[in-house]
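Consider the single chain below, provided in structure tokens and representing the form predicted on its own.
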């Protein structure tokens, strides 16, 4: 990132974000961000701590490794990538974050963010000060359980990617997971845009970029998917699901 953008990003990160203009209970993502069993009074208390960001442009960071942990972010629109830099100076993608998903909980233990988080396209977040959120959680068991659920889900995702899977299985599982995540947000589970590059996908799945391209082409030849640049259409979800469990012969 160039120096001008770096300076702008750091300056913007110090600004107090705007109070959310749309009540969480009325937001289309409310069911994803909020525990389902909160009372109206509890929802109102939760909404008081939520702040809505300005538009975040592609390439802008909301967290950087080493930043003091003060808040978590719920993706409102767009897509974000979290990544770390290894000892050889290479970028390692840790995850992709879609609307309704919470980013930053990995910083709880050490009190500092371990990952860099950057927007992949024009995006927006809702910022939640963590101290205020944990204070609420003490009197709202459903909110506390939701935080534990989100952290557990993230650990499960990392364990799956770290498993002993073939390239076909990894990519099929990635597409099946994306399909389900888009469906949960009310989008099509059969046709969607990949905001992330092939290189980013390869880094996340611990594969070579060329391998990702070859497997996608092989899946297309088998009639499982159709790929047009960043657009993916799932043609045979059952066979793609099967491919995520065993190597396609």
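Bear in mind the structure is a predicted one, so any value in this text is a computation, not a measurement. Positions refer to the first chain, counted from 1.
Note that the form predicted in complex with the DNA isn't included here; everything after this is about it.
Though the partner is left out of this view, residue 166 does reach within 4.5 Å of the DNA in the predicted bound form, counting heavy atoms only. In the predicted bound form, none of the heavy atoms of residue 233 sits within 4.5 Å of a heavy atom of the DNA. Interface membership of residue 49, defined by any non-hydrogen atom within 4.5 Å of the DNA in the predicted bound form, is ruled out. Among residues of the shown chain, residue 38 is not one whose heavy atoms approach the DNA to within 4.5 Å in the predicted bound form. In plain terms, the part of the chain that comes close to the DNA in the predicted bound form, with a heavy atom within 4.5 Å, is 194-202 out of 194-202, 54-62, 39-47, 179-187.
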